[in-house]
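Just one chain follows, in the form predicted on its own, and it is written as structure tokens.
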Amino acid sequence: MHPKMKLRRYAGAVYDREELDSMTSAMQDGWWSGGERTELFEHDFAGFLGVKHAISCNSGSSANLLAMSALEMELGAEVITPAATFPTTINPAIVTGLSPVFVDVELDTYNIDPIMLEKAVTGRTGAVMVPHMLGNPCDMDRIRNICSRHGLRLVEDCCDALGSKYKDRPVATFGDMATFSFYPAHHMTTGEGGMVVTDDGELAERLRGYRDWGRLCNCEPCQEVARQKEGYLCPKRLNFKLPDGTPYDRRYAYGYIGFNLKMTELQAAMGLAQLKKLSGFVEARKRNFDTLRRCVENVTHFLLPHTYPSADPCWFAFPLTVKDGAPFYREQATRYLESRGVQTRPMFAGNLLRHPAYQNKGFRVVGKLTNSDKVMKDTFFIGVYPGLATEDMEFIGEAICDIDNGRAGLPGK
């Protein structure tokens, strides 16, 4: 790319002085671990989604780890997930001793195939982990029906999907728990950071316990203790006994094999400022996606993304798949786009099972992973984040059309 050429990034943080001032204020307060700002961020984030509990943490990957830990399923219990996903959607199940079961995705939505999901259920299945790929909501009617009939826990990985809806309900409100990431590429950012949301009070207390070293005393009133509210003492603290009958401060009693995955006050301060702008970010992403869709609606060599009639996605990015028989390869298309200053990325891991870390592990696979392999070979995505303007999307659309109609001068297969 020419050094003076404008770069149309696939993603990026959008922020201004408000975020910087908010973080500076938090730093000057001198309490940098989770505190009042973190609590307020959790409260406001839960309010945005309309859920009862939001538990912050230090990344979206940690959010998935907390969700899998809080399920507290027996070792070896099965968790069904698509093979075409991001590694940390399923890594937490593996490291917590659960058994992932992989099924294929639908090629045009890039989401888990509900037909194969149902075929994968056995007496050992305990949960389903579904990512809303690139912000495109899964078929939640069919997935919830399957989970309900078989008594399965449902966890939604919404790290790409903040602001997306299904039947006018936010994604994250259909399962037992849902997870979010605030990495700079995502819909809003705290630098790093994540969140788990749930309507289940027992799960919420477990999530805090696993997040906070395994501590038992993590009900909402006990959060007051950490913030040193004047005159407040949790009634549970000094009325607790260990299993052998020894009296002990419950806040320093440990009931979980936990971690330290807390969010900092600086991250929460940035999150509070970003949350005020989130509705605008959602509108911008939708506008950019729609602009690019109009620009490329007549291409013949690319498969365009599909959504369910009930879905209202807030897209993380715009996916394209090179069709079988196209006169060019994906690598030729992406190299051309990159040469024009348009960043591209493959669809995350493609078929996860083809990567070295997942080889020879004995994971159960149900059906063929034909579409996951196609995604790995021929799919890529382009940015629609709020840092791009309408003219950027039109430029990108023109470059894609040049590839499709031969004007890009690609050498061909």
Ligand SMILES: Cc1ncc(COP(=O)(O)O)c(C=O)c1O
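Everything numeric in this text was worked out from a predicted model, so none of it was measured. The first residue of the sequence shown is number 1, and the count goes up from there.
As for the form predicted in complex with the ligand, it is not shown, yet the points below apply to it.
Proximity of T291 to the ligand in the model of the complex falls outside the 4.5 Å heavy atom cutoff. T173 falls outside the set of residues with a heavy atom inside 4.5 Å of the ligand in the model of the complex. The shortest heavy atom separation between M177 and the ligand in the model of the complex exceeds 4.5 Å. Proximity of Y358 to the ligand in the model of the complex: non-hydrogen atoms within 4.5 Å are absent; the residue sits far from the partner. None of 317 to 325, 162 to 170, 145 to 153, 183 to 191 except one has non-hydrogen atoms within 4.5 angstroms of the ligand in the model of the complex; the exception is 183 to 191. Although the partner is absent from the chain shown here, none of T38, F48 and Q267 has a heavy atom within 4.5 Å of the ligand in the model of the complex. When you look in the model of the complex, the only residue of N218, T198, T89, N111 with a non-hydrogen atom within 4.5 Å of the ligand is T89. Taking the ligand as positioned in the model of the complex, the residues of 50 to 88 that bring a heavy atom within 4.5 Å of it are, in sequence order, S59, G60, S61, N64, F86, T88.
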